[in-house]
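The data below hold one chain only, encoded as C-alpha cells and taken in the form predicted on its own.
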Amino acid sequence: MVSNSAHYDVIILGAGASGLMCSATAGYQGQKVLVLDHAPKAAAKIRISGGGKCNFTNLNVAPEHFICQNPHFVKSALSRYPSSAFIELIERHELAYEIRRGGKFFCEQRASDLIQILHTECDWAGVEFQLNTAIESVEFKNNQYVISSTQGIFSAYKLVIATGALSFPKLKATGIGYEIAKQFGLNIIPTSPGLVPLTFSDKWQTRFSALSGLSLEVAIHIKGRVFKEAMLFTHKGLSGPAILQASNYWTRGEPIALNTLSEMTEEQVFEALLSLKQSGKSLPKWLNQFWPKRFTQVWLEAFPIETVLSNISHETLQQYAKLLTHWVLFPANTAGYDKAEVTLGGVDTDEFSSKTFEAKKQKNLFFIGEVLDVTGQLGGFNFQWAWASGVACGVALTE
C-alpha cells in the first residue's frame, strides 16, 4: 500500500498482463513505478483465461496473426521481444507448461502460477501497487501527470495506459483508456467484440438446438482466410475455437462458410459420394465416420438430401459435395462483450511510435496492450502482444 499522495517517475494505469510486464521492465531500470487499478486483484484476465490455465504465448508469433489498421505497427515490438524471450522468463521461474496443437503454450497446473511469476518480477523490480482504486481524473500540468483517485492524488512525469478494453465486463473491464485517449485528442478506431461466439436467428436455433454441447471439427472460410479447428454448438448459435477465430473477421450481414469434412476438398467429397452411389452404401453410415451420429441425423433432416445415392445424378452429387464442404451460414450477431475474449479496434496506432509507444501528440503519454487497435488471433497471440508492448514501453520509459 502506498501513501495517499505521492510522486513517481512512472504511473501505470492497469494491473493486467501488459501493465505488469511494463512495470517490472521499468522498475528494473531504476524507475520509481506505481501501478493503479480499480480491480481488487491484479491480472484477473490471466487468471480465468484458457480454462484457468492461460494460453500465455505461441511458438509461431508473426505479424499476420494480428488485426490492426496499420499492420506494420506490431512488427517492432514483436521482433524485439519474441515468444522465446517470454518462455525463457517463465523457465527461469520453473513454471510447468505444456505445448498444445498449433504451438499454444499453457500453464500445466493453473494460471495463478504465472501470475505469481509476474508478481515476483514486480517485487524484485521495486514496483508499488495501489489496487481497489478508481480513477477520478487525469490531468497534465506543470509537465507532469496528476491522477486523482478514490485513494488519493498521485503524480508522475510519465503515464502509461494499460487499462485493457471492453471484453469481460464481469472482470470490471471499462472504457477508461478510450476516455483518456479522447481527452488528449487521440483518435479511436470503432470497437466491437472479438474472439466471440456467434448467435443465430430463432429459426436456426429451433432447427439445431438439439445439437447444443456437440463439438465438430470444421474448416471455416471467411474473407480469404481458413481456420481449421473445433466448432461447438450452443443454445443460441456457434462457438468453439474455429468460430472465435472467424468472429474477428466477421461483419454483421455477411456469411461464413463451413467445410464440415475439414480434411477433404469438394472434389474429394464428390468422388467419395460417387463411390457410395456405385457401391449402394448409405450416406449416413459414411458420414458417421467423420461426424457424431447426432449431427448426422439432425443435419440430414435439415436438408433435402437423399440418403441412398444409387439413383442420384452426378449433378446432384456435385451439389451435395458443395453443401458438405461449403455450408453457408448467416449469423445474426455476436454474443457481445460479455462473452468476448478481446476487443477489436481501440486507440489508433497511428497516434504512437511503434518503438516506444509514446503518443506523438502528447509528451510522456504511453498506451500499451489491448487498449490499442491491435487484436491477435486465438492461440496466445494477444498475451504475447501484452508482453511485447509492455517490454518495449518499459524500456522506452528510461530513455
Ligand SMILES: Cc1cc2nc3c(=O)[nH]c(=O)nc-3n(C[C@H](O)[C@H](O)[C@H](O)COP(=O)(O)OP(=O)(O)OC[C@H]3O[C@@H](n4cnc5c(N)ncnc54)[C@H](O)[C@@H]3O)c2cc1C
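The structure displayed is predicted, hence computed values, not measured ones. Numbers follow the displayed sequence, beginning with 1.
The same protein also exists as the form predicted together with this ligand; that form is not shown, yet it is the one meant from here on.
Exactly one of the stretches 351-359, 366-374, 327-335, 25-33 approaches this ligand in the predicted complex with heavy atoms within 4.5 Å, and it is 366-374. Within 4.5 Å of this ligand in the predicted complex, a heavy atom is found for none of 101, 197 and 245. A single residue from the set 314, 225, 80, 172 has any heavy atom within 4.5 angstroms of this ligand in the predicted complex; that residue is 172. Remark: residue 38 counts among the residues lining this ligand in the predicted complex, judged by a heavy atom distance of 4.5 Å or less. In the predicted complex, this ligand lies within 4.5 Å of some heavy atom of residue 340.
Put simply, residue 50 is close to this ligand in the predicted complex: some heavy atom of it is within 4.5 Å. In the predicted complex, this ligand stays beyond 4.5 Å of every heavy atom belonging to residue 155. Taking a 4.5 Å heavy atom cutoff to this ligand in the predicted complex, the contacting residues in 6-31 are 14, 15, 16, 17, 18, 19.
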